[in-house]
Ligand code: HEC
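The data below hold one chain only, encoded as structure tokens and taken in the form predicted on its own.
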């Protein structure tokens, strides 16, 4: 059992000498030489994914920042992706693919740290991605519930790999569809453990930052009024950073009031 992070561990990679490295919700990148813990880098935002590259490491932040690091933890380059919270990474050696919760993917040249292709998948959320062996195709997985293929050079859609229909209830329920993006970080069931974000069980009427086993940010600890349908809807209307400045919650907004109402309806049912 290795201890060092103060929150969920979201990514694991290995240095060239085989040393494990991890990225965490606490914003740190840690190396684990011979079972000890050493912080390589510290960032203000949670780090959602980590991957080894040909010349170091790449870490994807919840603030939308991609960090390219040397193996000793120094930032070689920082890319402000501008596509929202980053959740997944893949590499084919010379290029890096970074996926955002928003459903957008950037292909980045690791030598120049410049984006060379942008792919808008149109999905509510992305969870994973990877290059094919020949490097010509990117495969993504997300809320569409079937792997999808994309031309790396042009970003053109090449079609899905098989089909997995969504449950009938989710097809008919706009709130359930919207919650798929939230489900990356949050569970809803009464017996569910916290993920990258705390469990939402019994959310409405619950005091902020009140689960004993979750490392909340100071921004949420400063809130006092219990969560209500109106306050959660306001959070999604103005965004987490305006609602609770300094929170580590990834920035997400729902501009459409009908979408906010549908999500609140779903949360009322799912979190009882």
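All of these numbers come straight from a predicted model, not from anything done at the bench. Positions refer to the first chain, counted from 1. So that the term is clear: the rigid core is the largest set of C-alpha atoms that superpose within 1.5 Å between two forms.
Omitted here: the form predicted in complex with the ligand. The next part is about that form.
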property: Output flag, 43, 70 and 89 jointly within 4.5 Å of the ligand in the predicted bound form, heavy atom basis; result: no
property: Heavy atom within 4.5 Å of the ligand in the predicted bound form - the one residue of 100, 182, 144, 108 that qualifies; result: 182
property: Proximity to the ligand in the predicted bound form, single hit among 66, 49, 31, 235 (heavy atom within 4.5 Å); result: 235
property: 4.5 angstroms heavy atom contact with the ligand in the predicted bound form for residue 208; result: yes
property: 4.5 Å heavy atom contact, residue 126 to the ligand in the predicted bound form; result: no
property: Residue 196: touches the ligand in the predicted bound form, heavy atom cutoff 4.5 angstroms; result: yes
property: Contact test in the predicted bound form: residue 247 vs the ligand, heavy atoms, 4.5 Å; result: yes
property: Shift of residue 76 between the shown form and the other one at or above 2 Å (CA, core fit); result: no
property: Residue 149: Cα shift of 2 Å or greater between the shown form and the other one (core-aligned); result: no
property: Residue 252 C-alpha shift between the shown form and the other one of 2 Å or more, rigid core reference; result: yes
property: Closer or farther in the predicted bound form: C-alpha pair residue 251, residue 145 (3 angstroms or more); result: closer
property: Direction of Cα pair change residue 146-residue 184 in the predicted bound form, magnitude 3 angstroms or more; result: closer
